[in-house]
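To begin, one chain is listed below as structure tokens, in the form predicted alone.
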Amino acid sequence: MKDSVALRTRTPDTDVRKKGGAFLTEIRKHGLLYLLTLPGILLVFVFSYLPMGGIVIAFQNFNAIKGITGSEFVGFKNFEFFIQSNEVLHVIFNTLFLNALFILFGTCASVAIAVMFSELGGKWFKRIVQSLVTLPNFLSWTVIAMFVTALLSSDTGMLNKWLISLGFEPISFFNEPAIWPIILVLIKIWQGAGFGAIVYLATITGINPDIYESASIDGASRWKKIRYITLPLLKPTVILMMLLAMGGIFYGDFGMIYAIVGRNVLLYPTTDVIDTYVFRALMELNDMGMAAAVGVFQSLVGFILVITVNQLARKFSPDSALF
């Protein structure tokens, strides 16, 4: 009876006060930890949330002199530049196709490297190998483009010199668009797979070693422990990382493609993505509103894809979903 009376006398104000008191208690208890997160929160707020106000440029005939408040509002006119273009379907396909290859093969390579690292013996040897594998991630795409040119050049490329020495005809790599999706995937894996393996290696390190010991007692080989313990326990992390990558699937890797391919018209059929196409168009038109419109379009599609894939993950693997 007393409990029922207490329930009837509770009000929303009471719940708010209780929640407010709990929040203050949490701050007092873990104040230093929250203080440590403050720089990161400010960084995200300044560089990720404040710039969202610039989305209005996508709906304006933006003039740098007049600014955002003085520029003419033109509605969805800026979006017509991209959507009504004859090349829109082609560059969208290239963007999605290349990014799908990057995500799929990059994830597989990162997982494989992480598993190999976890099986390596020798403390110093493992550190040296890890450093060498992650080193390419810190090279700029301009430097990597120089390596690619030195390797694949028709006249002076190391690979063509090797083919000629074996009696084969040289290959004009920069004139053959069909092979460039494979080349770009290999370059992307070489550049980023080692660094991406760090997340998966951390997950493997967190697996309870007693599980492996029990498997060893039962006679499981190293391969069986990888197949039936390591890989299944890596599954939630793999799905989570792929979900995060889906948010940028509509963005072409402009730095990589433009640095390596440049303005080679012969390679456009397989390497021209949204970002490079818009960049070339804006170099001629010099219209910031159109660039902002394409950015909004890419972000919106990426957001929809993340929500969709997350819902699928919740249905088939609830522990792997973002929310």
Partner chain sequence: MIKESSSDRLLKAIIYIVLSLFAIYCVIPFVTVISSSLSSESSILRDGYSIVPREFTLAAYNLIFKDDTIYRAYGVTIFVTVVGTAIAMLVTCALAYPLSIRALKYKNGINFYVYFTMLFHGGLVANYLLISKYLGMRDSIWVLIIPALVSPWNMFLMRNFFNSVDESLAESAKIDGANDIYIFYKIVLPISLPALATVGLFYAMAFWNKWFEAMLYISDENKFPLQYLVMRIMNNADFANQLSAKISLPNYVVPTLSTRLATTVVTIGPIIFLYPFLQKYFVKGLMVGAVKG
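Treat the numbers as computed from the prediction; the structure is a model and nothing was measured. Positions refer to the first chain, counted from 1.
Not on display, but discussed next: the form predicted together with its partner chain.
S.K.: Among the candidate residues L240, L96, I229, L184, which is the single one with a non-hydrogen atom no more than 4.5 Å from its partner chain in the predicted complex?
M.R.: Residue within 4.5 Å of the partner: L240.
S.K.: From the list A178, L166, L132, L89, which entry has a heavy atom within 4.5 Å of its partner chain in the predicted complex?
M.R.: Among A178, L166, L132, L89, a heavy atom within 4.5 Å of its partner chain in the predicted complex occurs only for L132.
S.K.: Examine F316 and determine whether its closest non-hydrogen atom to its partner chain in the predicted complex is within 4.5 angstroms.
M.R.: Output for F316 is no: heavy atoms all beyond 4.5 Å of its partner chain.
S.K.: Using a 4.5 Å heavy atom cut-off, state whether T308 contacts its partner chain in the predicted complex.
M.R.: Result no; T308 lies far from its partner chain in the predicted complex.
S.K.: How about V143: is it within 4.5 Å of its partner chain in the predicted complex, going by heavy atoms?
M.R.: It does: once its partner chain is placed as it appears in the predicted complex, V143 has a heavy atom within 4.5 Å of it.
S.K.: Does F195 reach its partner chain in the predicted complex if we count a contact as any heavy atom within 4.5 Å?
M.R.: Flag for F195 set to yes.
S.K.: For the stretch 105-133, return the residues whose heavy atoms include at least one within 4.5 Å of its partner chain in the predicted complex, in the order they occur.
M.R.: I113, M116, F117, S118, E119, L120, G121, G122, F125, K126, R127, V129, Q130, S131, L132, V133 sit within 4.5 Å of the partner.
S.K.: T37 and N310: do their C-alpha atoms lie closer or farther in the predicted complex than in the form you see, with a change of 3 Å or more?
M.R.: Compared with this form, T37 and N310 lie closer in the predicted complex.
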